[in-house]
Ligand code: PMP
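Read the single chain below, which is given as structure tokens and is the form predicted alone.
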Amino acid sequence: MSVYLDFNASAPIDSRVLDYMVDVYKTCFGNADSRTHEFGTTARRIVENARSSFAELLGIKKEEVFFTSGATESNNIALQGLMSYALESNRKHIITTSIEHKAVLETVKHLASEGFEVDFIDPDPTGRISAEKIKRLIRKDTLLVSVMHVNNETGVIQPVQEIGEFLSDTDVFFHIDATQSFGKLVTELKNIHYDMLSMSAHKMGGPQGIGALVLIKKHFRLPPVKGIMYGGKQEHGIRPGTIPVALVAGLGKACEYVAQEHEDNIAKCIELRKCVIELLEKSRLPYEINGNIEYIIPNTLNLCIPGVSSEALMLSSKQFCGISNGSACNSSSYEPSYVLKAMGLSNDRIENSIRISWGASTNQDELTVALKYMLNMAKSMIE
């Protein structure tokens, strides 16, 4: 049986979360915005309990949490939702990075076609963005800085805390895509200054199809973000449409478990990373880690095995383990990874790179067996 090692694409749902969701599906079928009967009241209570659990995990106010279908939608609302304010204030300059998820990159490119000016910052060869470069680009008409917390391909943690501290004394909005860090770097997220945050539940043991956009109040006012769709006043107009009660309940329940277990989860992921590196060393295969290990989140390794095509290795090893060579949203493309390319890596190194990502639920013995098979397959390709 193949071992799943692509948690950065989507993590398995926590069985306890799923059990809770099934119960909600069976017993709570009312619309959370129906105010004339108990069925709607019960649904609303479940939604608001989930909102409270989410807010407690981040250390924010529950009225700062808006449920969406996931980080892609949250990113779009955060960026496009500022358009009216940008036009009114004549602030149309945006700063982001060249290694963001496509949900940010494609959105800012669209804004550029609408007359916005966008600066893209490249990382250095370690995969890290320079906070100083961002600081130097701030202008009077800068509207927004958008930087992901953890890169989905390399697992490199970006200096969002330093950027947030600097921007907190300005009127520039700061958006972080926390898709890969939410539920993992719990303490770190609580200490970051930001105005907007995006996340998806399915990266941290929750269900697919639900996420959130966080809008932090400053001087008792939310950022001037407007909804980009029409159809209702749900989520205070930020995200219209019937609230998927069971999905929201699943996200809330996942937050509750993460709040209790995140320290143990990170410790387990650190042990699994040690195991992976030991297997690589024992295999005596040449390898290079893409990104500075000092800044890589404990559940991810993006590595190059020189002379071994990542496509060939993934296909020949799929009966042993499920791995990838980059973002799931680009899996149908055979173009070299734009993230690794932005780091200045050669095409050969990029084409020979794979991403392995795991979670606290990953069985170490099963991982060991699977990766031994994979590494033996890699050896045969070199020989």
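Numbering starts at 1 and follows the sequence shown. Here the structure is a predicted model, which means the values were calculated and not measured.
What comes next is about the form predicted together with the ligand, which does not appear here.
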message = Looking at heavy atoms inside 4.5 Å, which stretch does the ligand contact in the predicted bound form, given the options 126 to 134, 280 to 288, 194 to 202, 249 to 257?
response = 194 to 202
ask   = Honest question, do Thr300, Cys304 and Ile356 all end up within 4.5 Å of the ligand in the predicted bound form by heavy atom distance?
value = no
remark   = If we test each of Lys92, Arg239, His101, Lys268 for a heavy atom within 4.5 Å of the ligand in the predicted bound form, the one that passes is His101
query = Looking at Val160, Ile77, Val156, Ala71, which has any heavy atom no more than 4.5 Å from the ligand in the predicted bound form?
reply = Ala71
ask   = Val145: heavy atom within 4.5 Å of the ligand in the predicted bound form?
value = no
request  = Select from 158 to 183 the residues with a non-hydrogen atom within 4.5 Å of the ligand in the predicted bound form and write them out in sequence order.
outcome  = Asp177, Thr179, Gln180
